[in-house]
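In the block that follows, a single chain appears as structure tokens, in the form predicted alone.
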């Protein structure tokens, strides 16, 4: 493989983007960012390296930040990032660029793609109609991205009108401490002990005890356990009891398992 895409995904949105780009780019390996490879050191002679992730609290997910800090690529490698978000990208692109710069690496191009917002702990997912509109826009944006990546073009991220978002992102992302947020998860009586939550958790933070999930306080707050629970049995405090769940309709739950490469 001459190209690789590292992706982090809780709802499947970023995985869908990664799959779409890999399919159109060709000769591209897909590797999930999870606990097993947070310290991934690549010695393969990739000519192109993509990093695709959702925006959390206007910044990088903690696991993605750690992964980028430990990433080792060939000199002169073309590096691009794609951030999926429900609104503003905040400081996520700048944070990635700064980490790479400290490693004497250059971020060649950066893009954002709006996808259905899926932070169920605070809001309900958008309507199916709105989701479909966003999926259509995603396909259009993918075509633009592929054209740039295929030609290894330098595409600086358009940061017009984003100063306030970057400043807010820098503040919020520093305050974002997800590890113990799992103390607010609990399960309804309809939990059937299927263990899907265990399999989709990127940080191996869930175990079953008496056929019920128990969280180990190493949470990334990706909400994959909530998104993919087939019974919608996993709740976060009380606010999620009456909210629908969301995961990308074209991604299968097995695609989210941590052994996928």
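Keep in mind that what you see is a predicted model, and the values were worked out from it rather than measured. Residue numbers count along the first chain shown, from 1.
There is also a form predicted in complex with a small molecule; it is not shown, and the following applies to it.
**Student:** Hey, of 149-157, 128-136, 71-79, 114-122, which bit sits against the small molecule in the model of the complex at 4.5 Å between non-hydrogen atoms?
**Tutor:** It is 114-122 that comes within 4.5 Å of the partner.
**Student:** Quick one: does residue 50 come within 4.5 Å of the small molecule in the model of the complex, counting heavy atoms only?
**Tutor:** Because no heavy atom of residue 50 falls inside 4.5 Å of the small molecule in the model of the complex, the answer is no.
**Student:** Is residue 55 close to the small molecule in the model of the complex, meaning a heavy atom pair under 4.5 Å apart or at it?
**Tutor:** Flag for residue 55 set to yes.
**Student:** Can you check whether residue 142 is within 4.5 Å of the small molecule in the model of the complex, heavy atom basis?
**Tutor:** Flag for residue 142 set to no.
**Student:** Check whether residue 8 has any heavy atom within 4.5 Å of a heavy atom of the small molecule in the model of the complex, and answer yes or no.
**Tutor:** Yes.
**Student:** Looking at 88, 184, 109, 95, which is the one with a non-hydrogen atom within 4.5 Å of the small molecule in the model of the complex?
**Tutor:** Contact check passes for 88.
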